[in-house]
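We begin with a single chain expressed as structure tokens, specifically the form predicted alone.
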């Protein structure tokens, strides 16, 4: 290890307070809807009130005659001028149905855009919607993914026979042999319900067109500014270099703000068409019906198990609901992102999976926090609980028997030719969680409390995921048409202060703090000398943005690598200034000095000024002190952990109370531990929301029954427990920071442990599984059914 490396830990690992928080906590954040624009016009979207209907005619004449109305767009106005919304992750031979930004002759889900009104005020635009007359011919709808595959089901697209987009198959090892050798075949049917992302800030867009410069400027709360610029340019048939995309502060994304939506295309088109800056901000009801949903899988699992508790193989037969159209990443979520991880933390030698991708008359489904890994964790962990029940074993002991051991890393799951889990200590996390929750103590108390009529349940589950997309070639081989690198430019100004321009993009994550720690650590400079710029395609020339927990592992590694390159150049300039050979110069705490002669020194700021004055540069060296890196990750990393929960169920009402929650996670090197705890708290809260409260309902005609926050229950703070989070650290060998990614871990683990604990509490009623969300009526009905079964047997 060099002396520089030995000095490397000054800022990394420190719980630095977020520099972003003062403006957020005092209401001074600037979001897209806050962006001021002169002559701003406002857009409103007319949406389909039917789940499935033919459009016989649209009459916009009355709306166009209304005061303040600037224009109305229907499909006839954009046909041939803008392209379809195109998915950019298409698995295998999946069929892509056409998806115009405005419905042409048919609507396929409630909320689909039919027309766009632009008016001087929001109220005028909203009023004009009611004056548009649409003649619909209502058609039969299908909202259930399994029903959509049945003979005679309503058909959505002419090019998608049987509503089947495609069938994904994957396997490893020999499942047939595992099943033949098994003592038991344990089967489980699981529904991973449809969810609404529910970001605090709804979607919004502002677009303006400068006819003199022929440039479009779009403000958009996007997780992926540069990719959004590319998609918009392609769809609008507009040169990408004349489109500036600015992402201001963003109030949460959770995956839903990384997709291309009709409103963004239409508002940008309208800004040019009507020669006015145009803005649109989603209402909460629109967020429920028109922003992509998440999850929506039905899973049938079979586990081949030996008499002593070894799981020999897993078979999955899954049906995934894509909604009415394919959103950007849709086909990759229930297939690659789920199937890859269905063996979880366990050394299971055989896997056989098949996923059918189905269109229905519902809102399109795409990535939502975790994007396939919560579903995979739910599959394997609920199966492990079922296996333990069938074999009469303790669920924790069953997990111990099957865990991947530390010496097996890098671990190759089910003999896969490419997949590798990079590093980990699964046993350590499990045992720490078991100890922290006091598993043995709660087992004793559980029996005591049961005699008092109190029903307490305990569960300990594991999870693993793989995060940090790219590598670009690997992603491309799996149909991911985006690339996987991340860019970083470190610019040292002539006064020695530094600006990092990063292609990554926060939505409340704390990047400005975290990335300043990474760059300040590499350059050994105070954090307040480091500014971080993100979210403006004119200032940051390239990038891929934030998703798949890639910000630190990929974006942070890009920043770290660029900073180290800057330091290498500065070292050579300092050597020239000190009239010494570069190899005799060292650096510490912002000062270059000659080894063994520390009095011969020069400050980093002086070197920076010299880089721009350029009078003492080594021969052949260019002026300036900037470095740009396009960091291409060679592999992804595999964070993991074990979570434990204790719940109490009121058997008279079905209400569930979480009494204790423990999380022990290994996400590699922690850049800012305080932010890591915060990420876990947020993710766990969303996971508990899925387990106990949240779920989207449609009626048979495709009407959305959970169209407001009165109908769709996001957990409130007093419904969440105190969370005890802690970390183990196994550095990842896949990137220079040793980081693994943490943003989605909490919601990957939480649903499984909460459902497991509730089912444990109710085991005396013969209950082994209840589908999420475990609402009081559903739990109460399960208890009643359990009592009825017991009475029937007696």
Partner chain sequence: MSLQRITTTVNEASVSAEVEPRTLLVHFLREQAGMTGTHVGCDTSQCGACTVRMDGRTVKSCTVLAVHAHAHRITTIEGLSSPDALTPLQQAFSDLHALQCGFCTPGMVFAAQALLDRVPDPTEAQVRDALHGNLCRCTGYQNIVDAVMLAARRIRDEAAPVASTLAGEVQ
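Since the structure is predicted, the reported quantities are computational estimates derived from the model, not experimental observations. Residue numbers count along the first chain shown, from 1.
The discussion below concerns the form predicted together with its partner chain, not included here.
*Asks:* What stretch, of 397-405, 490-498, 178-186, 683-691, brings heavy atoms to within 4.5 Å of its partner chain in the predicted bound form?
*Replies:* Residues of 683-691 come within 4.5 Å of the partner.
*Asks:* Does residue 539 reach its partner chain in the predicted bound form, with heavy atoms at most 4.5 Å apart?
*Replies:* Close contact is absent here: in the predicted bound form, residue 539 is far from its partner chain, nothing within 4.5 Å, heavy atoms only.
*Asks:* Considering non-hydrogen atoms and a 4.5 Å limit, does its partner chain approach residue 307 in the predicted bound form?
*Replies:* Looking in the predicted bound form, residue contacts with its partner chain do not include residue 307, since no heavy atom lies within 4.5 Å.
*Asks:* Does residue 561 reach its partner chain in the predicted bound form if we count a contact as any heavy atom within 4.5 Å?
*Replies:* Heavy-atom contact with its partner chain at 4.5 Å: absent for residue 561.
*Asks:* Please tell me whether any heavy atom belonging to residue 159 falls inside 4.5 Å of a heavy atom of its partner chain, as the geometry stands in the predicted bound form.
*Replies:* Contact check for residue 159: no, nothing within 4.5 Å of its partner chain in the predicted bound form.
*Asks:* Let me know the one among 105, 718, 213, 579 whose heavy atoms come within 4.5 Å of its partner chain in the predicted bound form, would you?
*Replies:* Looking at 105, 718, 213, 579 one by one, just 718 meets the 4.5 Å heavy-atom criterion.
*Asks:* Counting any non-hydrogen atom inside 4.5 Å, which residue from 659, 147, 709, 138 sits next to its partner chain in the predicted bound form?
*Replies:* None of the others qualify; the residue that does is 709.
*Asks:* Would you give me the residues of 280-319 that have any heavy atom within 4.5 Å of its partner chain in the predicted bound form, in order from first to last?
*Replies:* Contacts from 280-319: 283, 284, 285.
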